[in-house]
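Form predicted alone, single chain, as structure tokens, below.
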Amino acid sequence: MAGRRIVVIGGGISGLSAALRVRARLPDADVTVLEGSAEIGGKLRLGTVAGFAVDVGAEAMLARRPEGLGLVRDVGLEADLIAPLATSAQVRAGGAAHPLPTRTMMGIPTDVDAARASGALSEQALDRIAAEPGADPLPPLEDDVAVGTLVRSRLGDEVADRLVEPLLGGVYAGRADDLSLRATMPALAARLGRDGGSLVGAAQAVTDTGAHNPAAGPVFASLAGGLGSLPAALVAAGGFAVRTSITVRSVRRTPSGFALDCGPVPEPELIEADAVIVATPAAKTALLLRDVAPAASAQLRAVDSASMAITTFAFRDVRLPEGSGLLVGATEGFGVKAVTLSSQKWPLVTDGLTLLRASVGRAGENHLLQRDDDDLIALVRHELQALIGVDAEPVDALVTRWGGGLPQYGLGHVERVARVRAAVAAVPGLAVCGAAYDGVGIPACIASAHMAADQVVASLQAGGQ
């Protein structure tokens, strides 16, 4: 493989992980990552608030999947792994904050007593949860269904609006009534697809096994220097080249491999490669594949995205509610959809300051993000007073915007991804990866990257140019 050139388009966690994997499997190959922005990392990014480095993108990763922790170990940061100090969150439901019920699956209750102890639901909603296992059983699910549609039909609007919606909104910035069960809760969908039966019973069976079992250890992990420190460590350990501030405008097939048209039109640059991995968001990937894999491009154009903003604050002398944070449903009437009590959730050294962050923006709420930074900070401060009782003047504040930052897994997403991958696999030496496919979390993105890397390595080893 000496002399082979593999280009990865996109320098987020997916692209960097793909480059590291290719380099490990083909140590004599020339591997280059091309990133359009001025810095690598994608949604893993550090900012500075009151002189402290803070995550302004992803701030936690799932610890019950092996890919994220494995990557941390591979790049020598295992000693920096940290677990949350506080894991109990609250949910704003029916105009008040309540403890998030234990033993739920993405908000779907599996234990009526735990749901009752939370106080987030009315007696009528609790009675419906208790009765659901004895109701007419669901037939095995043959087709995909929206999470909200399924939950409303079995457990009613309260459970959907007060529990499921806040959880899904926190993860995907999406709406429960629009998000695919197969894509967002694949284990639950698989069980219901095989057996049907009770939604509560199926959710209970899933939560009692594997990664959902509380006995499996901490759910989340982060790094002492912030997850935003992971991309630089990955590059330092990777043995591959990185170029930033370079725009790739198209990917074309050539008799010997691929040609990438890069740079501004007045000053174009042509980069040739034996294999290409595209690790960009769905809309950008659709543009890049329009010539080389038009069927995949057409499918990716249909993947919507949601924009959001993270507002990070430093306060002095404030009292916070207990726990790690607060989730807010869309029906509660706030622009803020989640609050993370960062200095209470993680073992951070803050010299007595209180750090917290609030996320704003769900699918269909772009009007909130059209405010300038000062106006957005004022909105969030006003809502923080109502949500968690914090009305102090911040020592410092920072707004970080993520335009189109979260792909929306609509109905039929799993099948759409399968069609994309089939179309891409028909082009030897080409692969795709990223948050648009199998999950928006860091481990899922790494798994996607490994799949893409293995695909192009196998193609090169087979001489499939």
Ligand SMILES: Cc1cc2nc3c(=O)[nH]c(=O)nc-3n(C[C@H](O)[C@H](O)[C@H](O)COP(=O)(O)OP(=O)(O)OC[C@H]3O[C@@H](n4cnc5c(N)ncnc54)[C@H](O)[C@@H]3O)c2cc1C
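It should be emphasised that the depicted structure is a prediction, and the values quoted were computed from it without experimental measurement. Quick note: we count residues from 1 along the sequence shown, nothing fancier.
The same protein has a further form, the form predicted together with the ligand, not shown here; the description that follows concerns it.
**Q** Residues Ile9, Ile13 and Ile246 are flagged as a possible site; in the predicted complex, is every one of them within 4.5 Å of the ligand by some non-hydrogen atom?
**A** Affirmative, all three are within 4.5 Å.
**Q** Hey, in the predicted complex, does Gly429 get a heavy atom within 4.5 angstroms of the ligand?
**A** Contact with the ligand, no.
**Q** Is there any non-hydrogen atom of Leu163 lying within 4.5 Å of the ligand in the predicted complex?
**A** Heavy-atom contact with the ligand at 4.5 Å: absent for Leu163.
**Q** With heavy atoms only and a cut-off of 4.5 Å, decide whether Phe52 touches the ligand in the predicted complex.
**A** No.
**Q** May I ask you to state whether Ala279 is within 4.5 Å of the ligand in the predicted complex, using heavy atom distances?
**A** Looking in the predicted complex, residue contacts with the ligand include Ala279, since a heavy atom lies within 4.5 Å.
**Q** Answer with one of Val440, Val417, Leu26, Val399: the residue that has a non-hydrogen atom within 4.5 Å of the ligand in the predicted complex.
**A** In short, Val440.
**Q** Where does the ligand sit in the predicted complex: which of 367 to 375, 348 to 356, 280 to 288, 136 to 144, heavy atoms within 4.5 Å?
**A** So the stretch in question is 280 to 288.
**Q** For the stretch 257 to 273, return the residues whose heavy atoms include at least one within 4.5 Å of the ligand in the predicted complex, in the order they occur.
**A** Going through 257 to 273 in order - heavy atoms within 4.5 Å of the ligand in the predicted complex - there are no hits.
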